[in-house]
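Just one chain follows, in the form predicted alone, and it is written as structure tokens.
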Amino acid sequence: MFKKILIVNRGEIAVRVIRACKELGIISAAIYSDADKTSLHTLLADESYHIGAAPASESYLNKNKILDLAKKIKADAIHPGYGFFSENSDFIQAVENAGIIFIGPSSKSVSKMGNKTEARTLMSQNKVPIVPGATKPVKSINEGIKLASQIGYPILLKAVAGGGGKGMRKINSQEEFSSSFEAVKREALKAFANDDIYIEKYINNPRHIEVQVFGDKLGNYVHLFERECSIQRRHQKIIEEAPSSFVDSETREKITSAAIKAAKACGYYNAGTIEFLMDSNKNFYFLEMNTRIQVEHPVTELITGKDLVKEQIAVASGKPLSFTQNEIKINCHSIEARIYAEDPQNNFLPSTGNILNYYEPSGPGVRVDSGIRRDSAVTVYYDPLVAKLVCWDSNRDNAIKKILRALGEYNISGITNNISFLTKILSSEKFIKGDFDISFLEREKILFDSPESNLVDADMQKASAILAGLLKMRTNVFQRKSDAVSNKWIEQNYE
């Protein structure tokens, strides 16, 4: 097992990895930018190193500084979390060349699955269903119009190197094609430094179903069932659950078998997710593979009882998977709600500021993965995800009731947040019945009708003041501890 792991990320996922390291007896080393000097992950790590200015390009995406630091502190391995360098095959190759273990898949696997058209070709060759469309980049408008006519409108124009809903546009007719083609190429170049785009058939109102897979370096593979990820805003997930209430046992067997085929096709090891679109008749089509740990991994951990981050570390060190397929069971139902600093009433505009009061829910069946605390700063530099609320119970109905109770206990003041909006979704009749797909929020405009109570009103301010008094002693103790060790970070400052 490793002695020291460098965690090249921030926020709640960095905290999650730090905690796994501590439980495994591994030294956790964190990096932080100017904006994150007093962030929770910086405080909790055994060692913390300043890596650069606030913009990610100068800190969390500074490849040379990160690799130099890893060598200097003699890190055995690097954990990328999600985002940033987690799916960058060039970075992974550089880590491998430096003789450091990357806690994730090989650079070859990431390269294969990171190019969407190559991934589609590979899946088709291995009998994994794909959405009808191109398997190569479309080079010109005329070529694209011809292909779109053959497939039939509506179609999607998508960035070959895309992800996270960026570089993607629905086209309803040939009249829209030319202008959209150029626009998507510009978006792709800006977001991914690659303007290659391709075409696939638009599946009307599908569900987004993904399968968690795991492989080790000895050739063993398992799946850990599916997750339902259809509640999305701007093509990004905000509520996930496992298992899916829409997937029956026969469909589950088919889709998990296809996911294992996909993982084997690219020689994959470590944690990965195969994402599918599923139509109303339960036909499913390969969408993409996320070659990293997912934001929503906790719901899978809770229904199976497996610690995916610890398993990542063990597999990266060369150990075989600690469980077989027959040992993995669905033990409960779990739901995750992403807590964002954003305004749902204003097109989900991100919110910035200092956290004035922060109180997390607790109790049986409640888990919070958070990267913030009272007095934390939410800045313009990074994703506005501040925490994940994850609840579990014996069945879906009880899990919904539990997460609604927990959301009612959550109190964040100082920033606009989406807690009220999440509550409205989870308490809506259609969500409770499981009657939704990826277009749910676009259709259910009623969820946006009433003003949000995300900013603290008079009653909430009174409650916050009382809560602040109750937490003051604990906060002061924690702050004194933080101040006491801050000298250590200054001494270890790495430019």
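Numbering starts at 1 and follows the sequence shown. Predicted model only: the values in this text are computed from it and were never measured.
Another form, the form predicted together with adenosine-5'-diphosphate (ADP), is not on view; read the next lines as being about it.
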**OP:** Look up in the predicted bound form whether G163 has a non-hydrogen atom within 4.5 angstroms of adenosine-5'-diphosphate (ADP), and give yes or no.
**Re:** yes
Subject >> Residue contact check: F323 to adenosine-5'-diphosphate (ADP) in the predicted bound form, 4.5 Å heavy atom >> reply: no
Original post:
Any chance L287 has a heavy atom within 4.5 Å of adenosine-5'-diphosphate (ADP) in the predicted bound form?
Top reply: yes
**OP:** Please run the contact check for Y202 against adenosine-5'-diphosphate (ADP) in the predicted bound form: heavy atoms, 4.5 angstroms, yes or no?
**Re:** yes
Original post:
Thinking of adenosine-5'-diphosphate (ADP) in the predicted bound form, which stretch from 140-148, 70-78, 275-283, 211-219 has heavy atoms inside 4.5 Å of it?
Top reply: 275-283
**OP:** Tell me whether L40, H297 and R338, taken together, all sit within 4.5 Å of adenosine-5'-diphosphate (ADP) in the predicted bound form, counting heavy atoms only.
**Re:** no
Original post:
Which one of A314, L122, M168, A191 is close to adenosine-5'-diphosphate (ADP) in the predicted bound form, taking close to mean a heavy atom within 4.5 Å?
Top reply: M168
**OP:** Would you mind picking the one in S106, Q232, S180, N357 that has a heavy atom within 4.5 Å of adenosine-5'-diphosphate (ADP) in the predicted bound form?
**Re:** Q232
Original post:
Hey, which residues along 127-152 are within 4.5 angstroms of adenosine-5'-diphosphate (ADP) in the predicted bound form, non-hydrogen atoms only?
Top reply: V131
